[in-house]
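Quick setup: one chain, the form predicted alone, written in C-alpha cells, and binding and motion questions come after.
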C-alpha cells in the first residue's frame, strides 16, 4: 500500500506551505495586507499538519522529500524590488496547488479504504487550499499591472 507516500506528501506540503507563507510575510511586511494574511494562511497549514499526524501513524508513513524541493527551489532565491512580491506570491500559489492536488489524490484513496475520518480531513485540506489559492490569485492580479507596467 502506497497511501503513506501521499500522506507524507500532504503533510510535508502543508508544513512547507506554512514555512513559505511565514517567509513571505516577513520578507514583504511593509505591504499592508501581506504580513497578516500570510500569517493567517500559515496558521491554517500548521493546523492541518497536526490533524494529519494520526493518519501518518495509522498508515505507516513513507518518507518522500519532494515538497521540500519546491520550498528550496522557490524561496532560496534572493529576489528584490517590486517584482519579488509578485514572484513570491506566484511561488506560493504553485505550492498551494501542489498541496491541493495531493489532498485530492489522497481523498480518492480514503474513499477506496472507506476511511470517513480521512475523507473529512481531505475535504478540509481541499477547502483551505482552495481559499489560499483564491487569495493568492486575487492578490497577484491586483499587483501585476503596477509591477509589470508601471514599475521600472
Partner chain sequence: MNQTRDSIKDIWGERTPYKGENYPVRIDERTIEEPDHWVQSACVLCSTGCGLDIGVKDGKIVGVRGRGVDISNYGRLGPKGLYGWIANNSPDRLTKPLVRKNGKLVEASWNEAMNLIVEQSKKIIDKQTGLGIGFYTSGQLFIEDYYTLAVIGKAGIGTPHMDGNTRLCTATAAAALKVSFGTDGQPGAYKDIDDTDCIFLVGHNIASQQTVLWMRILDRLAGPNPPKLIVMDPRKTATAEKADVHLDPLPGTNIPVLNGLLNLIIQAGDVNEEYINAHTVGFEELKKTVAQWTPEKVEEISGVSSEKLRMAAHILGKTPTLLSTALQGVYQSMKATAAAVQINNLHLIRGLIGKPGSGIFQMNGQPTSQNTRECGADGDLPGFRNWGNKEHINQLAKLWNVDPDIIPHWAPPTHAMEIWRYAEQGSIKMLWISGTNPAVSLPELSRIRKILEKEDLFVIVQDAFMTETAVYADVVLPAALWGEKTGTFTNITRTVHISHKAVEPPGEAKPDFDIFLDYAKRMGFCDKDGNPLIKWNTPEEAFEAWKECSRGRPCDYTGMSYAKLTGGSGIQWPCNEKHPDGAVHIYTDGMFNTAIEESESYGHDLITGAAHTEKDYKAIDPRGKAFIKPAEYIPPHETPDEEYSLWLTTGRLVYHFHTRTKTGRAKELYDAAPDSYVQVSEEDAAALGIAEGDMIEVASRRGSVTQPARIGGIKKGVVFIPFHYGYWDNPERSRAANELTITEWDAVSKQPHFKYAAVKLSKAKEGVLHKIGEALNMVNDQPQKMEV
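Residue numbers count along the first chain shown, from 1. This one's a predicted model, so the numbers in the text were calculated from it and none came from an experiment.
One more form of this protein should be noted, the form predicted in complex with the partner chain, which is absent from this view; the next part is about it.
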| query | finding |
| --- | --- |
| 4, 15 and 123 all contacting the partner chain in the predicted bound form, non-hydrogen atom within 4.5 Å | no |
| Residue contact check: residue 106 to the partner chain in the predicted bound form, 4.5 Å heavy atom | no |
| In the predicted bound form, residue 117 touching the partner chain (heavy atom, 4.5 Å) | no |
| Interface membership of residue 37, the partner chain in the predicted bound form, 4.5 Å heavy atom rule | yes |
| Proximity of residue 31 to the partner chain in the predicted bound form, heavy atoms at 4.5 Å | yes |
| Heavy atom contact within 4.5 Å of the partner chain in the predicted bound form, the stretch among 37-45, 107-115, 88-96, 52-60 | 37-45 |
| Contacts with the partner chain in the predicted bound form - residues in 128-143 whose heavy atoms fall within 4.5 Å | 131, 134, 135, 138, 139, 141, 142, 143 |
